[in-house]
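The form predicted on its own is given below as one chain in structure tokens.
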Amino acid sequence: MKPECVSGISRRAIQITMYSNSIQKLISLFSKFPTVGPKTAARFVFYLLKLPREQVEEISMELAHLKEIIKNCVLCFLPFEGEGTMCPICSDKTRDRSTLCVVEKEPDLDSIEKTNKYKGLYFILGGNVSPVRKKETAIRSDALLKRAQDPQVNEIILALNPTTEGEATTLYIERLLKPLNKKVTKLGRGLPVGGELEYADEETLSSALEGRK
């Protein structure tokens, strides 16, 4: 279906060129955020334009400051702020060091923590395996294998999203860890197929953890 034309120029072209270069550049930058499309990105930009200058400057300063004060934990890769090289979870001596819960991204870890049902340690993969491309995308497989070799780790829980990518990643990690001869479990039923852990309610996640096998 051809876009409606006005004096030989498509409406889409008019919409693209009606913004200034600065606005269009910010829209393009925000569009690179996960799950953010051009329309949502444009809302972000125009929201910022409506804010007082001091609030925009505060946001800008905090973003710049973020890269200076936040670092990744050397064990689980959770971004944290503070002294040392380990995050508060990994440095907590009361945590169960015999279980290692593998998640795809930081919000998944946060969702599991909020259930108050899991007291072990974590590992953030930072990506997943695409069943279409048949290769991994920024997944920390070497670091995971090294972490799983820790003699204290007896069980590795694969808490990955019940999506096509999540299932492919689970199979990949299972093959990766098989030579270690350690107990590898997956979350139990209850999570909706195609959903993501970060959007699951705490009761559903608790049941999935307790029903792992």
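Model, not experiment: these values are computed from the prediction. Definition used throughout: the rigid core is the maximal C-alpha set that superposes within 1.5 Å between two forms. Numbering starts at 1 and follows the sequence shown.
A second form of this protein, the form predicted in complex with another copy of the chain, is not displayed here; the remarks below concern that form.
Partner proximity in the predicted bound form, defined as non-hydrogen atoms within 4.5 angstroms of another copy of the chain, places exactly one of 171-179, 141-149, 57-65, 155-163 at the interface: 57-65. Using a 4.5 angstroms threshold between heavy atoms, N116 counts as touching another copy of the chain in the predicted bound form. Interface membership of P107, defined by any non-hydrogen atom within 4.5 Å of another copy of the chain in the predicted bound form, is confirmed. Another copy of the chain is not shown here, and in the predicted bound form it never comes within 4.5 Å of any heavy atom of K183. Using a 4.5 angstroms limit between non-hydrogen atoms, E81 touches another copy of the chain in the predicted bound form. Annotation for 87-105: the only interface residue with another copy of the chain in the predicted bound form is I89 [heavy atom within 4.5 Å]. With the core held fixed between this form and the one not shown, I27 has its Cα displaced by at least 2 Å.
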